[in-house]
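Before any questions on binding or motion, here is one chain by itself as structure tokens, the form predicted alone.
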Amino acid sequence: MGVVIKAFRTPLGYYVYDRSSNMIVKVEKEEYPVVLKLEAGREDEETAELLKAYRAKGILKENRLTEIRHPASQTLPYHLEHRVQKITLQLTQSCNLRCDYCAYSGKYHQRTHGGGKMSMETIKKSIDYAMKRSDGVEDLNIGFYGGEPLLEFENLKKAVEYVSGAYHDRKVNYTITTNGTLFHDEIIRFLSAHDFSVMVSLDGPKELHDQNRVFANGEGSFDRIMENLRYIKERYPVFFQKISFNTVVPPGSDYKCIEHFFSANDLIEENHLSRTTVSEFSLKDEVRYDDRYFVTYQYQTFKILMAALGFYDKKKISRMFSTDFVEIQRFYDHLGEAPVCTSCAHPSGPCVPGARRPMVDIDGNLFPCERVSERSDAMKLGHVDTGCDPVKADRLLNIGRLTERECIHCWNFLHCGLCASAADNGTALAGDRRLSYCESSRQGTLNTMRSICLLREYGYDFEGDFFDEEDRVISGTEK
């Protein structure tokens, strides 16, 4: 079967990622050409000698993987019936905005704007469904989604009141994603009283935000949102702290302008900020980000690394990128864990569909989450009246079986982020569709590994508040 490795370089070092141990191994410069031969599957006396030396250290072992099967497959029925962690209710498919890149905009296969909304009967059934199937978790998260969910504020209130009455002994957390245009005192007081976590979509300064986030009549929504936010911060400062912001960065955006807006805006300077790009999954036309996006991304990563090394003021890191260091830390923390050393395993990526964060559409149909296509039969797991189909859920959980041959030999196996949505072509699950996203996933992993190694080379000790004390980047000649 050979070894499954990935060789890479940094300005100051030579490395190989070993899937069998899930470790990054530092190699000598003269060894690197031999490692490249190993990566290419070429065997000779040099590679045999190198393998012998490294296997004595417990690394670069033979690939034993022969079958793709998710370890949660055996316990999937239990998860579906007892460990539902979050349920998202699609209160409405209507929205008062017509954002250009919205999943309901018509540019995606899965949704379009419509007048449909969830009835109270379906809302209660959805809550009952989740409550009955969450006895194995400490608390349940109920999310409200649309469209614009605050268009259905009366039903949202009734839903929360139903939970308080019928399930007063259960611990429930509430979340909502909103465009921020419909806030008024009654809504604010209600969300605050029930400790809602609120995500507001805000894409930067007025001239950029209003390019894509407009009302149905074509007018921009920026002024309305900012007016609402100022009012909330002044009148409800404690609730304002529970508001986080997400900015979607579409192709062609001026990153510097967006960054300046969020770094210089004293209204939202202390609130959590996240960034996303336009989703490619189920998009009718290809989305392309230009070189400006990638250059900016690399520059921001450089500033993060310089800040970690003490050569740059952390306060000057873009708020849109400040959480990227957390991802580097998370990756580092998992190095050395769960290596691929068995004959049966599954790539990272899929959550447990139907249990981790199922969404219920306006008609009561169950889907793995709110991000997937509602028009794809492959993504429809069941109905709140009948429950999840374990066969369909298992198919999504084991999505790697579609590309088994490629996954068995992929070095990114443990760090792949592709779930079943990457394989959905709108009508069925397709292996070629999934494979089309592999290179992007591998490149992201490689960039993270290079960042870790660069930090080591320049003296970062990976201890203290950022990383565990155990060093998980090992030297091939010392350990």
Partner chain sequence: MKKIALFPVQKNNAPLARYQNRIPDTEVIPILAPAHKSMAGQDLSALDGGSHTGITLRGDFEKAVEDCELLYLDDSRFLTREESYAEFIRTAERHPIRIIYARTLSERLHLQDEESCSQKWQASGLGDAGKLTAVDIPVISVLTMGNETDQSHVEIGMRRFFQDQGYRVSQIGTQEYSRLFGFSAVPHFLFANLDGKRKRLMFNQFVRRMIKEEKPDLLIMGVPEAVMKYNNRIPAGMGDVPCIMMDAVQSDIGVLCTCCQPYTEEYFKELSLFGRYRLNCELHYFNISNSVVINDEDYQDRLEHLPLDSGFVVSHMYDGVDADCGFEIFNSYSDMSSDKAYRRMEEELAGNPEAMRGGI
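Numbering follows the first chain given and starts at 1. Small disclaimer: the values here were computed from a predicted structure and weren't measured.
Keep in mind that the form predicted together with the partner chain is not shown, yet the notes after this line are about it.
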Q. Okay, which stretch from 26-34, 423-431, 64-72, 40-48 lines the partner chain in the model of the complex, with non-hydrogen atoms inside 4.5 Å?
A. 64-72
Q: Indicate whether the partner chain has at least one heavy atom within 4.5 Å of a heavy atom of Met131 in the model of the complex.
A: yes
Q: Give a yes/no on whether Glu138 approaches the partner chain to within 4.5 Å in the model of the complex, heavy atoms considered.
A: yes
Q.
Within 4.5 Å, heavy atoms only: does Glu186 come near the partner chain in the model of the complex?
A. no
Q. Might Asp333 be said to contact the partner chain in the model of the complex, defining contact as any heavy atom within 4.5 Å?
A. yes
Q: Would you kindly say which of Tyr299, Tyr293, Tyr78, Phe215 lies with a heavy atom within 4.5 Å of the partner chain in the model of the complex?
A: Tyr78
Q: Could you check which residue among Thr122, Ser253, Gln85, Ser201 gets a heavy atom within 4.5 Å of the partner chain in the model of the complex?
A: Gln85
